[in-house]
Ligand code: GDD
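Shown here is one chain on its own, the form predicted on its own, set out as structure tokens.
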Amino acid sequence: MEAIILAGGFGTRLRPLTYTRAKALLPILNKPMIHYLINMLPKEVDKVILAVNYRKDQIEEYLKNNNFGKEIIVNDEPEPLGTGGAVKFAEKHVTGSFLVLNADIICSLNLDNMIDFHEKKNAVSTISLWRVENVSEFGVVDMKDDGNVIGFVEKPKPEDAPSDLINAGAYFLEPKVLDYIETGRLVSMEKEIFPQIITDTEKFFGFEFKGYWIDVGRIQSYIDANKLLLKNQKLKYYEGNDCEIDGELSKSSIGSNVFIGNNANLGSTIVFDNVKIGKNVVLNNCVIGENCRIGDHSNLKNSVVGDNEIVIEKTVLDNKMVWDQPVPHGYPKKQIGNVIGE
């Protein structure tokens, strides 16, 4: 069985972290996001097709140095193709029913259970569903009691919403779905292809799961994903190798070769590798990129510091992005395509 992992986006809402790395390689408790996706795949998945475009070389290097026990193909898209276009571009590798996963979702979905549900329903398409509180922020499903999806309603008012269930970014599809997708253009699976399948087949089903689900699309949700896994593992904080920590940490993830000075205080913060944080520094709800230096007596809140940046001593920042280097050539100013349709 094959699984297609959609990892081709620039991750513009996670800049400046994604100026220098593929979004799928952002660390969560010091393991790249893509690590969690591949490890959640069922045993019968023996081939993984990674749909990539931006920073392909970084993803290939990571896969070369890590063995997941599956054949992994890096499918280099000539240009961003959207969710549908990326799936179509991987068609030559598909031999039967197949999974499609968005690479920026961290969740507790049991894919074996979803596949069993799909087969019992004799479905053409099955999508994972997650229950939300604020339906007005998402596209929600209109669904019968047996799980048969009959439509989607984009960002409805609460009183008009047919349900509180949203597309959670994992799909199990029959090969005939590929016939609906045009070749060589940017196609949204969610907005263009799924409605056609619902109309034509009436075998489009939704599979709700419980536990946790985070779309790691923004800096805050990225921080939240780290905190969630810390909580699940009953850890106060996570520490990499060769660190020297003299300060206090809570709900934080620290990379390798990190120095944290005396009386520093870090809460709900992610620190990448090779970082030096001075004495009496306060970091609250922040992300600090690789090879950074944070000067003594600085206070940062709700802020993100890109790789290789230096924050001088006594700096105070609130809700700021630190990036004093050139933006990489070709990096878009806004999001291209739409993964889940939020």
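In this text, rigid core is short for the largest set of C-alphas that superpose within 1.5 Å between two forms. Start at 1 with the first residue shown and count on from there. None of the values given here were measured: they were computed from a predicted structure.
We do not show the form predicted together with the named molecule, though everything after this point is about it.
Counting any heavy atom within 4.5 Å as contact, can you tell me which stretch out of 263-271, 91-99, 165-173, 250-258 lines the named molecule in the predicted bound form?
So the stretch in question is 165-173.
Does the named molecule come within 4.5 Å of a heavy atom in each of 26, 281 and 297 in the predicted bound form?
Contact check failed for every one of 26, 281 and 297.
Taking any heavy atom pair closer than or equal to 4.5 Å as contact, tell me whether residue 155 reaches the named molecule in the predicted bound form.
Yes, residue 155 is a contact residue.
Classify residue 86 as contacting or not contacting the named molecule in the predicted bound form by the rule of any non-hydrogen atom within 4.5 angstroms, answering yes or no.
Contact check for residue 86: yes, within 4.5 Å of the named molecule in the predicted bound form.
Are any of the heavy atoms in residue 207 no more than 4.5 Å from a heavy atom of the named molecule in the predicted bound form?
Flag for residue 207 set to no.
State yes or no: in the predicted bound form, is some non-hydrogen atom of residue 224 no more than 4.5 angstroms from a non-hydrogen atom of the named molecule?
No, residue 224 is distant from the partner.
Where, within 5-21, is there a heavy atom within 4.5 Å of the named molecule in the predicted bound form? Residue list please.
Heavy-atom contacts within 4.5 Å come from 6, 7, 8, 9, 13.
Residue 154: with the rigid core matched between the shown form and the other one, does its Cα shift 2 Å or more?
The answer is yes; the displacement is at least 2 Å.
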